[in-house]
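Presented below, as structure tokens, is a lone chain in the form predicted on its own.
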């Protein structure tokens, strides 16, 4: 990776993440020094329980760091107010959309809350942002549908549209393709890749879709029990770092096909 720092939108310095249990820190990952650049699609890969979701929540300041710092646009995240932060980072989490009578348009429009007045009224600018977000995610024809009427794949597009309407430089997604069939998994990931390239957004995804991430991501963050290694997919394949991600006799990595395969018994 280059040393050019002009397009770094998020950076961590000696970041330790985890929880406080009975007033004692439970460290999941420590000394994380990560960089997120503008217009880059980054995928976080690693075993279950390795800390992917914890890292995302810490980056978004939903969860406090145990130590170290997160900088957003060269400003320590500790110095952001809630409204200011909501104009920098938007989130799409794994929790399903709660049942409600909201229409698709109304839910996407909630992304404009950081910008609306105290009455929550949408200006013409807000309405244009909502319309553009829906167009970019190809859900304009669903505008009047109720959320409970949608498929899982459609709901995921709606949540991404809400994040786009929020108009943040960084979009963080935790397992955005969970519970989707293979067609919709690819559709959502291709959509996110396109958003990065066309809108110059910085997107971070925690995912178990290893093969798709290798093919679509610009940068991978590989999380191990004691470290996090970053690089392009090709770099991590060439230096055999990716092959060591899942330490198991059940699977092996094929460098030519760039896929993990099941080992024969």
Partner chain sequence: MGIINLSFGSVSIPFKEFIYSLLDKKIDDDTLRYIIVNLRLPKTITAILVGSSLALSGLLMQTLFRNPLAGPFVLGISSGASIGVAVLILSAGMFGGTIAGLASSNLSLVLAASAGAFLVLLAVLMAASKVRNTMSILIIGLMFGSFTSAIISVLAYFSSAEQLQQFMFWSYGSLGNLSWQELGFFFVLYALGILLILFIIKPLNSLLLGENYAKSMGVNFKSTRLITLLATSILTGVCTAFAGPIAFIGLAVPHLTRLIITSSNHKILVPAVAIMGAILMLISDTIAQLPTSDYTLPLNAVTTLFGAPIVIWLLVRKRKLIF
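Numbering follows the first chain given and starts at 1. All figures in this text were calculated on a predicted structure; none of them were measured in a lab.
From this point on, the text means the form predicted together with its partner chain, which you will not see here.
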{"property": "Heavy atom contact within 4.5 Å of its partner chain in the predicted complex, the stretch among 181-189, 101-109, 123-131, 68-76", "result": "101-109"}
{"property": "Non-hydrogen atom contact residue 162 with its partner chain in the predicted complex at 4.5 angstroms", "result": "yes"}
{"property": "Its partner chain contact at residue 116 in the predicted complex, heavy atom, 4.5 Å", "result": "yes"}
{"property": "Touches its partner chain in the predicted complex: residue 92 (any heavy atom, 4.5 Å)", "result": "yes"}
{"property": "Residue contact check: residue 145 to its partner chain in the predicted complex, 4.5 Å heavy atom", "result": "no"}
{"property": "All of 86, 97 and 166 with a heavy atom within 4.5 Å of its partner chain in the predicted complex", "result": "yes"}
{"property": "Of 27, 229, 62, 199, the one that lies within 4.5 Å of its partner chain in the predicted complex (heavy atoms)", "result": "62"}
